[in-house]
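Next up: just one chain, as C-alpha cells, the form predicted on its own.
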Amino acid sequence: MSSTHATPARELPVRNPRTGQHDCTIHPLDTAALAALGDRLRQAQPAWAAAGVAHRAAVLREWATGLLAEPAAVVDALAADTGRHRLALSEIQSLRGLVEGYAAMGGALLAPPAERASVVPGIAIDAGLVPYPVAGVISPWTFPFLISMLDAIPALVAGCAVIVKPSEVTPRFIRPLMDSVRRVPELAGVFAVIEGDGATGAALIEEVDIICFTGSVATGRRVGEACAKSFIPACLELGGKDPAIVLASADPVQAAQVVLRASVQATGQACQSLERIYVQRPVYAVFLDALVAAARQVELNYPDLRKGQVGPLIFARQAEIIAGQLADARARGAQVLTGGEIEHHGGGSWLRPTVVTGVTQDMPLMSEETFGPVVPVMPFDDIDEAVRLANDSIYGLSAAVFGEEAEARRVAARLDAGAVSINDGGLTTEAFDAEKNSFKLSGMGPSRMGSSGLLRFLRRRAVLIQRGRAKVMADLDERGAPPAA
C-alpha cells in the first residue's frame, strides 16, 4: 500500500522592528498553490470585467466602507509591521480616497467611445479597452498597505483580477486585510493578497499578465528581465536620491522646517524622502541653524508607540547601510551636527534626525540611497551649480525647490526628475492625480498616478468596419496595375 505526503509549507519568521524579536510566522504559497489561485481568479475575471465600471466601483466602496468602519485589526497589524501608529492609520484611511478617485476616473475613461471614421475612406473605427486578465503587484515594506493599493485599486476598477504580494518584512497586515476582503465575496473572487518572499514574487510573474513592482533598482532589474522573458509589461517604481534646492529667495527658517519633515517622515524610509539638500550661500547659515534646532526637538516614538515623531528602522539591514554611509562620510571629513548613532531600544534599531555638513558629491551618503532620517546639507553659489549637483545622480524620482515661486519653477524645469515639489517636499504622495514618470534608474513604464495609473491596466482594441468596397483578388492582378511613373 503506497502513501503520499504533502509537501510541508515553508515557514518564514518575521522580525518585529520595535523589539527585534521574530514574533510572527508566514507561510508562502508554493508554486502549485499560486498557480491554482491564479487559475481561480482568471476564471472569475471575465464576469468582473463584464459587470461594468459602476458595478466594480460599488463593490470596492462596499469593501472600503466595511474596512474603514472597523479598521483596528488591520491598523494594529500594520503598526506592528512598521513600528509606527499614526502613519499606519493614515495608510488605511487613504483607501476611501483611492477608491472614490479611481471610481470617478474610471467612469470617465472607460465610457465606450463613439465610433469614428478613419482617415482611410470607407472604413469606420470602433475602439475599445480590454483589461489584462490578472494583474500582479509586488509591493515594498516602506508603506505596505498604501503602495499595494496604489496599484491594486486602479487595476480592479479597470476590470482586472489582482494578486498582491507584499514584502515578507511587513506581512502581518495581510491576514486581517483578507478577512475584510472575504466579507465581500464578489471582491474576494478577483482579489487576493498573499504571503511570500522573493521566490513567491518570481513565481507570481509566471501567473499574471502584467506586473507592478515597487522596490530597489537591483530587484527591479530582475523583475523587468523576467517580465520580458514572459512577454508581459512591467511597471517599475524604483529607488530615489531626491534633492532639495533652497534658493536665496526662500524663507530659510520655513524651508528648514519643511525639509526636516520631508527628510525624516516615516523615519526617512520612503523613496520620495529628501536625501540631498543644496542651499544657496546667502541663506545657508540661517537655514542650517534652524534645521539643527528643529532636528534636536524631534522625539523617538519609544517606548510609547503613540508618542514622538520618528519610528524604528523597519528593516534591520538598513541600519547597517546607514551606519556605513555615516562612517564613510565622517572618515572623509564630514561633520555630524545632530544624531548620527544607531540606537538600540527594546531590541529595535533607531536613529534620531541626523544633520550632516562638510559632505562632498562623491560620498555614498550623497550618491546612494540612504533610506533613513539623514539630512546632508551642502552650500552652493549659483543656480547652474545647484542644477548640476541635483542632476548628478543615477536616480530621477522626484525633487523639491524652495524659493520665490517663479524662480523656483524655472529651476524645477531644469531638473531630471519626474516630480518636483515647489515650497514643499514629497507632494507626489499627496496628489495622486498628478501624472509623472520616473526618470533614469528610478523606474520604467507608465505613471502610476493620474489617468495613466488606470489606463496601464488596459489594452486598446480597434474594430475596423469596412463600409466601402472591400478589395478582392482582382485588385491584386498585375494587369490592373497603374503604369510606372
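Numbering starts at 1 and runs along the sequence shown. These numbers were taken from a predicted model, which means no experiment stands behind them.
Absent from the display: the form predicted together with a small molecule. The rest refers to it.
Engineer: So in the predicted complex, are Phe213, Gly239 and Arg448 all sitting within 4.5 Å of the small molecule, heavy atoms only?
Structural biologist: Result yes, every residue of the spot touches the small molecule.
Engineer: Specify the contacting stretch among 220-228, 106-114, 342-350, 321-329, defined as having any heavy atom within 4.5 Å of the small molecule in the predicted complex.
Structural biologist: Selected range: 220-228.
Engineer: Is there a heavy atom of Cys271 no more than 4.5 Å from a heavy atom of the small molecule in the predicted complex?
Structural biologist: Yes.
Engineer: Examine Asp197 and determine whether its closest non-hydrogen atom to the small molecule in the predicted complex is within 4.5 angstroms.
Structural biologist: Because a heavy atom of Asp197 falls inside 4.5 Å of the small molecule in the predicted complex, the answer is yes.
Engineer: Hey, in the predicted complex, is Tyr102 touching the small molecule, heavy atoms inside 4.5 Å?
Structural biologist: No, Tyr102 is distant from the partner.
Engineer: Within 4.5 Å, heavy atoms only: does Val162 come near the small molecule in the predicted complex?
Structural biologist: Contact check for Val162: no, nothing within 4.5 Å of the small molecule in the predicted complex.
Engineer: Could you work out which of Phe402, Phe191, Phe145, Phe371 is the residue within 4.5 angstroms of the small molecule in the predicted complex, going by heavy atoms?
Structural biologist: In short, Phe371.
Engineer: Though the small molecule is not shown, can you say which of Asp76, Glu207, Asp289, Glu168 has a heavy atom within 4.5 Å of it in the predicted complex?
Structural biologist: That would be Glu168.
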